[in-house]
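One chain is shown next in structure tokens, namely the form predicted alone.
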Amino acid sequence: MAGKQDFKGDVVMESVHTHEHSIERELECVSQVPIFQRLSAEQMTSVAQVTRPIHAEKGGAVFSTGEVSQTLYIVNQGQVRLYHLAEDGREQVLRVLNPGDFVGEIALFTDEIHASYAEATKTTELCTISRASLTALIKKLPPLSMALLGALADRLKSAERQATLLAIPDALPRLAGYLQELTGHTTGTVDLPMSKQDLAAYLGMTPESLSRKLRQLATSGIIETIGRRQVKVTDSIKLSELAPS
């Protein structure tokens, strides 16, 4: 199998593989995606017919910065993280894609070069739809175009929220603001959508700083950490007082 260069210039083996097309597998995949869920069964089958699966091992690159973006990627199983590399080599996590999440829709509207890296954080199966196929589907299925516009609007809001958090110089209110959004400004237990290492990179913190701030919130009786991926907010009022207004 041919290799490719990673961002350091070293040759690495391809870790994304195309699987045999299965209409049942693709229907399972597209049915998880909100932009397709309002389609009829017949329309969803039309989407599944032009969808192709790929498989990525843990740590495998789904795509890299500088590559031409001509594909919509949908996570069926597993997880993919999107990140930039700063000039000093540090990672800035942009988003983490879980089953039903997708990336690449901007390529439908403009010729685009990937400005980020996409890497599988565990063994992952994705469904892909080419730009040409998805453009044809949009023309054929008007509800799909409105759903895509809604998804783009949500993506923009999410990017604006992250930019707002990153602009806060103090790490504690940055973390408090994130947890407040994650819990919907209420008490209760939530699953972190990404590893703590990725969450630290998403919030522009070091893993050590994130751990210290989580302990500080826990010591103050505001949260409880449960295992590695759950946080219970026990005092939403105190959390809101720490979060940016």
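Rigid core here is just the name for the largest C-alpha set that superposes within 1.5 Å across the two forms. Note that the structure is a prediction, hence the values are computed from the model and not measured. Start at 1 and count along the sequence shown; that's the residue number.
The next section is about a form of this same protein that is not shown, the form predicted in complex with another copy of the chain.
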**Message:** At 4.5 Å between heavy atoms, is Arg95 in contact with another copy of the chain in the predicted complex?
**Reply:** yes
**Asked** With the partner left out of view, is Leu148 within 4.5 angstroms of another copy of the chain in the predicted complex by any non-hydrogen atom?
**Response** yes
**Asked** Might Ala171 be said to contact another copy of the chain in the predicted complex, defining contact as any heavy atom within 4.5 Å?
**Response** no
**Prompt:** With the partner left out of view, is Ser130 within 4.5 angstroms of another copy of the chain in the predicted complex by any non-hydrogen atom?
**Reply:** no
**Request:** Check each of Gly204, Pro193, Pro53, Gly177 and return the one that places a heavy atom within 4.5 angstroms of another copy of the chain in the predicted complex.
**Result:** Gly204
**Asked** Thinking of Thr135, Pro142 and Ser245 as one candidate spot, does another copy of the chain come within 4.5 Å of a heavy atom in every one of them in the predicted complex?
**Response** yes
**Message:** Just to make sure I understand: among 160 to 179, which residues lie within 4.5 Å of another copy of the chain in the predicted complex, judging by heavy atoms?
**Reply:** Glu160, Gln162, Ala163, Thr164, Leu166, Ala167
**Message:** Given a core-based superposition, decide whether the C-alpha of Thr65 shifts by 2 Å or more between this form and the one not shown.
**Reply:** yes
